[in-house]
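What follows is a pair of forms of the same protein chain, given separately as structure tokens and numbered structure 1 and structure 2.
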Structure 1
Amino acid sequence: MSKYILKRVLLIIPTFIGISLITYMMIRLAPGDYTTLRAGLQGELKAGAIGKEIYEQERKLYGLDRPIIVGYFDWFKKLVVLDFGVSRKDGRPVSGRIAEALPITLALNIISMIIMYIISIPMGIVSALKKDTAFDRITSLALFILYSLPSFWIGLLLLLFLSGGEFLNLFPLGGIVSDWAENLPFFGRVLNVAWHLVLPVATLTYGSFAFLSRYTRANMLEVINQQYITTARAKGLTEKRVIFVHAFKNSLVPLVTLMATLLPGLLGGSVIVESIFSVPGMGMLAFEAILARDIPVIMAITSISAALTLMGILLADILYSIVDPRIRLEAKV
């Protein structure tokens, strides 16, 4: 096991370098120049209203006058010491901007995933045990209808019907905390944040029920038809023990594959949901950075996502051997 983990960690390093290099090249080669976008000088440059010297000073200040490969290695040397640089949009440290957005995205996604797994996995198990019954058909239809509804439309409907206007006024229109929440005690502020997260979490969660529930159902159907399940029932084991000890445990192996996307999914954020509900999370931060050609912020977010994806794949491989001891990560000598 230790040799396998060491090999995979050593393989992660060149993979990460390749991902970050391609990302940096795409940003530098993308249409539009950051210096002119930031200073709003594109029209003035064309009209000759400012000198070329000022333009070149701006490019030199942000390292855009250097070749792409040189600029990448300058960025990578800072990354090694966990220096993400300074945001070109507002001059603040990138780590500070990420530190502000990250807790919000974590809270949003962790709550969403907990709700998704608590509802979807039991529903998938019950649907597998009641295959082709009325319950299975009705839940399948309802879940696929939810899956087909676009999240931006659902988010706007929730705002329309539940956040004032001509209908109910149960939840705030947006943001993460009320302006007057500073005067509340600690638990009052927590409840205020939870109140703001209800609609974003609902919008983020509903579409995932169908995928995870049907995935669990398919895995359970494959397992409960195996011969060892029939043997367990023939031995007189209770149905609960057969399902949860023998069948469900073995159906977890394909579900572990989802672990590879769990870690980056927690930090990636959702641009659509965060935009609709004005949530200042990682998704909005990445979107604004792309529009502003804010290279340090873009590289920091993509690098963190790439590292977490690679670590998630490694974690999933290790969990395979834990869930199913028959799976060996290293060949016998």
Structure 2
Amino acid sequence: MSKYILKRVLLIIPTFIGISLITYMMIRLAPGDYTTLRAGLQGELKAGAIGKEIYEQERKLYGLDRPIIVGYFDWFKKLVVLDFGVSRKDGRPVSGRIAEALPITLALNIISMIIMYIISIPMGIVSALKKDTAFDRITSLALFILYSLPSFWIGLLLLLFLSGGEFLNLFPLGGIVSDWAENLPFFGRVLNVAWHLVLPVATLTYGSFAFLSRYTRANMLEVINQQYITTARAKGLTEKRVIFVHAFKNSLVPLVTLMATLLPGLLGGSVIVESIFSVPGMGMLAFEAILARDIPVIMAITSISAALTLMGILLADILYSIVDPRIRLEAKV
């Protein structure tokens, strides 16, 4: 057991080095070296000594004056101790800006994930038990439609109809906490934040119900037809016990790994949702950095989100090996 986990944990090291290598090369080898992009934009590059000086400074700042391998190692050494340099937009350390943004996005995504699981798993189970009934057909079609609705469109419509605008004014226009919330007691502040998060979380969540509930349904159907379920029924257990204790537990297994596959998509989805609802999380930070060609921030976000996904996959693998011993036995051979 511990041997399998150790092996899995050690394997993330080469993967992480690969991630950092791709991140660095992508930026470094991108056509149109980005320092000229910035210096050139202001028409300073060819304007003589000053432009030249700025250009040289910029190149030095990003290690472009050194060979690519040396530049990579310098960047990697700093990456390991979480030193991402300073943002070129406001000169603040990138790590500080990320420390502010990351908890917001993580909270947003964890809440969405919990809601996804709470809603889709029961729906999937009921659909499986009532296979091919009207309930099964209608829910699967409804979830399918939700799945196909583009989130940026729904986000806009929610904003239009539910917050301000000409219609209902139920939710705030954006942000995660009101200015006036500072004076509220702790519980009041929590409520205020929750009130701000309703629309972003809804937009982030609705599309995933279909996938998860159909997945649960398929697993459940597979499990129900296993022999041990027939045995359980033959023993005279109540149907409730058969479904919830024997079947449900085993249909949960693949849902664990699913969490890992959902992670990178969620972070990507945050870019759109956060920019629509002005949530100051990683997605918004990322989008602003991209707009401003803020290279240190872009590189930091790319490597951090990839590393987080890597952790998610690792966690799922370990959980999987705990719930399904066959996995680690196979790995041993």
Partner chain sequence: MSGRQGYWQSVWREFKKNRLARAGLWVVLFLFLIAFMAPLIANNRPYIYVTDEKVFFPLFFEYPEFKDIDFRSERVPGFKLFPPVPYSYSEYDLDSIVSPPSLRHLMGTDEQGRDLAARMIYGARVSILVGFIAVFMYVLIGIIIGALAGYYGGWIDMLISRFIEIVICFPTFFLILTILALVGPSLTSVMVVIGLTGWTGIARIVRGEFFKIREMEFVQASRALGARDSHIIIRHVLPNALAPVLVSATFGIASTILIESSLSFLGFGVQPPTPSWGDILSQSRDFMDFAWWLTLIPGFAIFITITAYNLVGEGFQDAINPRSFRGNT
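Residue indices: 1-based, along structure 1. The structure displayed is predicted, hence computed values, not measured ones. Heads up, when I say rigid core I mean the largest set of C-alphas that superpose within 1.5 Å between the two forms.
Structure 1, not structure 2, represents the form predicted on its own.
When the rigid core is held fixed, the Cα atom of Leu79 travels 2 angstroms or more between structure 1 and structure 2.
After superposition on the rigid core, the Cα of Gly281 moves by less than 2 Å between structure 1 and structure 2. Once both forms are fitted on their core, the CA shift for Leu21 between structure 1 and structure 2 remains under 2 Å. Once the core is aligned between structure 1 and structure 2, the alpha carbon position of Leu314 differs by 2.6 Å; this is the C-alpha shift at that site.
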